[in-house]
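Taking the form predicted alone, here's one chain by itself in structure tokens.
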Amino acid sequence: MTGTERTDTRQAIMEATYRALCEHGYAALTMQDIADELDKSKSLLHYHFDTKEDLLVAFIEFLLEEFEEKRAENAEAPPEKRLEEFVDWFVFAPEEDDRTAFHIALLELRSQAPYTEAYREQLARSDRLVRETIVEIVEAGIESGEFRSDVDPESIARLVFATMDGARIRQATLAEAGYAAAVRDALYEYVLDDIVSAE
């Protein structure tokens, strides 16, 4: 198998895993479900991954790689625009059934982190990456003069992440349509608009 074929196979497996998670959730997910989405035999999955846990660890890694690619693509945009796009990333409309189902599946997976070290390590890495991204955006805004110089990037990162992640969880689990968007708007009105420089 060539390097390109391996890359294509991995991409196909990761996309099938996403679809299977949306359809079945984490708890009920089986390797056969993923194989069915892939339209291949389960033996192909076991050729690459010994267990469902191994596959899902690789899947989280795949999501982080995609996040880092998007982060790099937006690195040259103005900090204020980058911050807006980042906060909007947490918001999804009520009719986005796949995103809702996927976030619920990730919550199920996250609930296993206290008992599964491999999940815990990847999820901790994910959290660090998200916070680091916000810190980087705020620091760039301070340096460019777009944001006030007296704000603490680490504190802003913790607040934005905790607020928007919590809003997304509430909307997904309690089916409160538009909740994440309402929280985003309040976060801007009462916090984030204040960090933009008045100059």
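Only a predicted model underlies this, so the values are computations on that prediction, with no experimental measurement involved. The first residue of the sequence shown is number 1, and the count goes up from there.
As for the form predicted together with the DNA, it is not shown, yet the points below apply to it.
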message: Using a 4.5 Å heavy atom cut-off, which of 24 to 32, 58 to 66, 143 to 151, 164 to 172 contacts the DNA in the predicted complex?
response: 24 to 32
Contact test in the predicted complex: S155 vs the DNA, heavy atoms, 4.5 Å: no
- prompt: Is K70 a contact residue for the DNA in the predicted complex, using a 4.5 Å heavy atom cut-off?
  reply: no
task: Evaluate R131 for contact with the DNA in the predicted complex, applying a 4.5 angstroms cut-off between non-hydrogen atoms, and reply yes or no.
output: no
- prompt: L159 near the DNA in the predicted complex, any heavy atom under 4.5 Å?
  reply: no
- request: Enumerate the residues of 146 to 163 that have a non-hydrogen atom within 4.5 Å of the DNA in the predicted complex, in sequence order, or give none.
  value: none
